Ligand code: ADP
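First, one chain by itself: the form predicted on its own, in structure tokens.
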């Protein structure tokens, strides 16, 4: 008898993340690929890549939940849910290994969120900032391009500076971009500019987090959580230690997969 698996696909504005869990709710595999402009086609390709990588057949995936920015475009899903719900469940399950989490910070490509959860992983309160991209992954992409660096290099440069971080005042990505170009033209070093960008994002993000209430074990996920410089700036701004999971990009997809498993088991129980 073949084993059952459950999948979550997080169709984000900049990346598509897929996670697979087994019957016990354990992570069986994950995959991340750029979203590109063909969301549906690339989502199908991401799922196929994960199945090939894990050796799982499509018919073994008994339930699939889509979440994220483009979730409605993935018609093959059995259900779709908000990324807030999926992110909360993913952080709750992953956070067990760290002694449990109650406050989640998620920075995505187009928005940033702060979520407070209860002891079952349900959302108690959340706030998000999607009015402007200056506190998001998109802002980091723009900054890296202007500084002629790879996105991955920003974290390293944060710690190389010998001068104090420069203040980035603009709250709009377009104006912040002009500000960065101006600072470079005035001879400022890349490291002090990058540290300034990280602190600028950290200040905005900490403000969001305080609105939902900071409890012990703050969990930070989303692609920008891979940036060690941003993590350091956020930790300093919040004045507490931050938990960054091993694979911060797939927390939401993992949460969707866990909820897919729960939904399937509930349907089986109801059928009996």
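Positions refer to the first chain, counted from 1. Please read these numbers as outputs of a predicted model, since none were measured by experiment.
The form predicted in complex with the ligand is left out here; the points below concern that form.
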Exercise for review: Report the residue, out of 178, 122, 110, 82, that has at least one non-hydrogen atom within 4.5 angstroms of the ligand in the predicted bound form.
Suggested key: 110
Exercise for review: Using heavy atoms and a 4.5 Å cut-off, decide whether 14, 17 and 141 all contact the ligand in the predicted bound form.
Suggested key: yes
Review point. Of 100 to 108, 184 to 192, 114 to 122, 161 to 169, which is the one stretch near the ligand in the predicted bound form, taking non-hydrogen atoms within 4.5 angstroms as near?
Key: 100 to 108
Review point. Hey, in the predicted bound form, is residue 128 touching the ligand, heavy atoms inside 4.5 Å?
Key: no
Point to revise | 4.5 Å heavy atom contact, residue 137 and the ligand in the predicted bound form | key: yes
Exercise for review: State yes or no: in the predicted bound form, is some non-hydrogen atom of residue 232 no more than 4.5 angstroms from a non-hydrogen atom of the ligand?
Suggested key: no
Exercise for review: State yes or no: in the predicted bound form, is some non-hydrogen atom of residue 245 no more than 4.5 angstroms from a non-hydrogen atom of the ligand?
Suggested key: no
Review point. Out of 230 to 253, which residues reach within 4.5 Å of the ligand in the predicted bound form, heavy atoms considered?
Key: 249
